[in-house]
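Given as structure tokens, the chain that follows is alone and in the form predicted on its own.
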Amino acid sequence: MCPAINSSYQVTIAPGAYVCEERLQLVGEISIGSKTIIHPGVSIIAEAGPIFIGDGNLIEEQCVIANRFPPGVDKDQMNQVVMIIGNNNVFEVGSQCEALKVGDNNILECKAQVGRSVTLTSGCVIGAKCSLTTDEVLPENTVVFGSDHQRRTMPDRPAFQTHQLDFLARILPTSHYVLKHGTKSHTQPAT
């Protein structure tokens, strides 16, 4: 079973990470940290440069993490840009993240969208179906919620998902094909 269809990729998976192979789309150079869990049906697209995903992240079904070229840019004239995702972040079902810098302990709730020009610091929560595409740096512990994208600051960061990560690390390998740690690559045949 090939995790990517019609794409070239090189992925490095740290020991202790679990990457479900079903419906997984990988493009480009990707590094996945220890204790990170990636559910089936995730797309990680590193077109404009590599993506480094830290330790202890939870990436749920149908999520898209993409480092794409900005619209209207000549791809041959642009330098590679690195996307860095910190530790202990949660990307809930159907969320999309194109932010080049994501700190630690953030949560993107179901179907939340974060654009390329946004920087998530640490402890931020982007509510369900909220979309951020402005050029901004979200202050630590910011919560964005509601249909009109209200904001407030939480006194504390969200709790770590340690118990959920441990549970998934035990259960996922029993019911899914999981990519083993190490480096895997695939080159799309020339047409």
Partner chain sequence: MLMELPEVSYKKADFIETTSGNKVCRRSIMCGSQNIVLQGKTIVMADCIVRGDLAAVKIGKNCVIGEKCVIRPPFKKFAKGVAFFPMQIGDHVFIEDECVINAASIGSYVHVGKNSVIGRRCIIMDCSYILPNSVIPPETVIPSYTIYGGSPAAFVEDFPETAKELMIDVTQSFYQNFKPLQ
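Residue numbers count along the first chain shown, from 1. What you are looking at is a predicted structure, and each value in this text was computed from that prediction instead of being measured.
Not on display, but discussed next: the form predicted in complex with its partner chain.
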Original post:
Mind checking whether each of 64, 80 and 180 has a heavy atom within 4.5 Å of its partner chain in the model of the complex?
Top reply: no
Subject >> Exercise: residue 93 in contact with its partner chain in the model of the complex, heavy atom 4.5 Å >> reply: yes
Original post:
Just to confirm, residue 146 within 4.5 Å of its partner chain in the model of the complex by heavy atoms?
Top reply: yes
Original post:
Could you tell me if residue 50 has a non-hydrogen atom within 4.5 Å of its partner chain in the model of the complex?
Top reply: no
Original post:
Is residue 169 one of the residues lying within 4.5 Å of its partner chain in the model of the complex, judged by heavy atom distances?
Top reply: no
**OP:** Select, from the options 25-33, 133-141, 54-62, 118-126, the stretch whose residues sit within 4.5 angstroms of its partner chain in the model of the complex by heavy atom distance.
**Re:** 54-62
**OP:** Quick one: name the residues from 91-121 with any non-hydrogen atom within 4.5 angstroms of its partner chain in the model of the complex.
**Re:** 93, 110, 111
